[in-house]
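Below you'll find only one chain, the form predicted on its own, shown as structure tokens.
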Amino acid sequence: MKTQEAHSGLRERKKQRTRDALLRSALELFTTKGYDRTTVDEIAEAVDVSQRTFFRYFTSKEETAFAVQDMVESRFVTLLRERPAADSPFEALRGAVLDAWDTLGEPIEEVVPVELHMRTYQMIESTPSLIAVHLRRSTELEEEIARVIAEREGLDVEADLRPRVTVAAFSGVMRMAGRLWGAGEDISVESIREVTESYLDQLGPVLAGKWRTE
């Protein structure tokens, strides 16, 4: 029995190593050669496996481009759920996203270097064929986040507009900060965190304050 369990564990570790290697290969090629110019065959060849093996782990090239981002977004949602109950919705969102940037290395480094993920994020922001996918995914994430906020506040997300409105404003600022960061030369985690924080810090006063100086 123990021998079978050992063999099963070994197989699973080998599968995970192969998947991680394919993912690293894909992201390196995307960020150096370009997403549209990279083929599945090239990704597989870089790891010395067949195209068939690639499709055992990923349904498409697109899935590899967003695989690490999936991890980041899932972590953000988890951190949002764990925020103190006393936090207002916006405080919870702001705290969760900054916590996510502060602890980004912990889950990602097990799969790919953080620096490679940051280059991938920048690549997504500058690749037209991926921007539409990115926006669709963002819309789906916004709905999930709105439901988390509604749950935290004891609200019915279908009857109360505030969770979706709050998340829409938050997400709009996040996208703007991401585009600004992606257009710059500093692609460090510290840089995107600083840009994100500076923009989020403007959101509350901008929405609540009067703009006219008359």
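Since the model is a prediction, treat every value here as computed from it, not as a measurement. Numbers follow the displayed sequence, beginning with 1.
There is also a form predicted in complex with the DNA; it is not shown, and the following applies to it.
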{"property": "Segment assignment from 31 to 39, 155 to 163, 170 to 178, 185 to 193: heavy atom within 4.5 Å of the DNA in the predicted bound form", "result": "31 to 39"}
{"property": "Distance check, R147 to the DNA in the predicted bound form, heavy atom within 4.5 Å", "result": "no"}
{"property": "4.5 Å heavy atom contact, F66 to the DNA in the predicted bound form", "result": "no"}
{"property": "Any non-hydrogen atom of A46 within 4.5 angstroms of the DNA in the predicted bound form", "result": "no"}
{"property": "Sequence-ordered list of residues in 91 to 115 near the DNA in the predicted bound form, where near means a heavy atom within 4.5 Å", "result": "none"}
